[in-house]
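Presented as structure tokens, the chain that follows is alone, the form predicted alone.
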């Protein structure tokens, strides 16, 4: 089979399984299998593919058709113009989360040698991106999952940044140290809604998705506990679900120690981050 024939067949299989963006995923998978850029596939579309590569391609097309995320096959996801290793043990970083990271970087650059904590770090995408863009910052990252922390450490090493990783259930294993910024993209999907997510999202770790009955469990815990770990006039920064802005602001307002709360939208026009300051 030629490159063109292989791509067409792959796309048809994915389309028949109602997989989103079948043409794009079929192409990206073939680029990964052949270790060639997109331009190669266009220029040499009549080139025959070796039998072994065909076999590997269609085995993985079937995985995609069954809802396995492409990133779990390629072990790669771009975030903040960097390449992160990902697998089934971590949430795949999303472009929307870049809005949160960019805001934290902006705040951090107004400080001298800021001390920053990333809660629920997963792949380490947030912590590593901050460390890369604010090299004078002292960045700490926490996750309850040992497997997630292994991946985060691998990404930090691959991308040449220094982050202090700690296995902990939120603040549990932290000494009473104070931070200039605490940032988190916590699990925020309502427990019952997980069953209705797309098949590829359901293949991601439930630990990184499940925010409790109303999706707000972690916002309550972090907002309350963070006060003991934040300096005066420091910042607490959250990613939120598209419909959670009012609820999260209400949780913040129930604590007396926060003020100057604001939110920002993502590129799709959805409320995506909330930032508040300790007074």
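All values derive from a computational prediction rather than experimental measurement. Positions refer to the first chain, counted from 1.
The same protein also exists as the form predicted in complex with glutamine; that form is not shown, yet it is the one meant from here on.
Legend entry - Exercise: residue 188 in contact with glutamine in the predicted bound form, heavy atom 4.5 Å: Yes, residue 188 is a contact residue.
Legend entry - Any non-hydrogen atom of residue 82 within 4.5 angstroms of glutamine in the predicted bound form: Looking in the predicted bound form, residue contacts with glutamine do not include residue 82, since no heavy atom lies within 4.5 Å.
Legend entry - residue 91 within 4.5 Å of glutamine in the predicted bound form, heavy atoms: Answer yes; at least one heavy atom of residue 91 falls within 4.5 Å of glutamine in the predicted bound form.
Legend entry - Any non-hydrogen atom of residue 99 within 4.5 angstroms of glutamine in the predicted bound form: Taking the distances in the predicted bound form, the answer for residue 99 is no, it never comes within 4.5 Å of glutamine.
Inset, instruction - Would you mind picking the one in 144, 111, 174, 201 that has a heavy atom within 4.5 Å of glutamine in the predicted bound form? - result: The option sitting close enough to the partner is 201.
Legend entry - glutamine: the contacting residue among 131, 86, 208, 170 in the predicted bound form [heavy atom, 4.5 Å]: Exactly one residue meets the criterion: 208.
Inset, instruction - Tell me the stretch among 73-81, 145-153, 91-99, 132-140 that has any heavy atom within 4.5 angstroms of glutamine in the predicted bound form. - result: Careful reading of the contacts points to 91-99.
Inset, instruction - Go through 212-241 residue by residue and record those having a heavy atom within 4.5 Å of glutamine in the predicted bound form; state none if no residue qualifies. - result: Contacts from 212-241: just 239.
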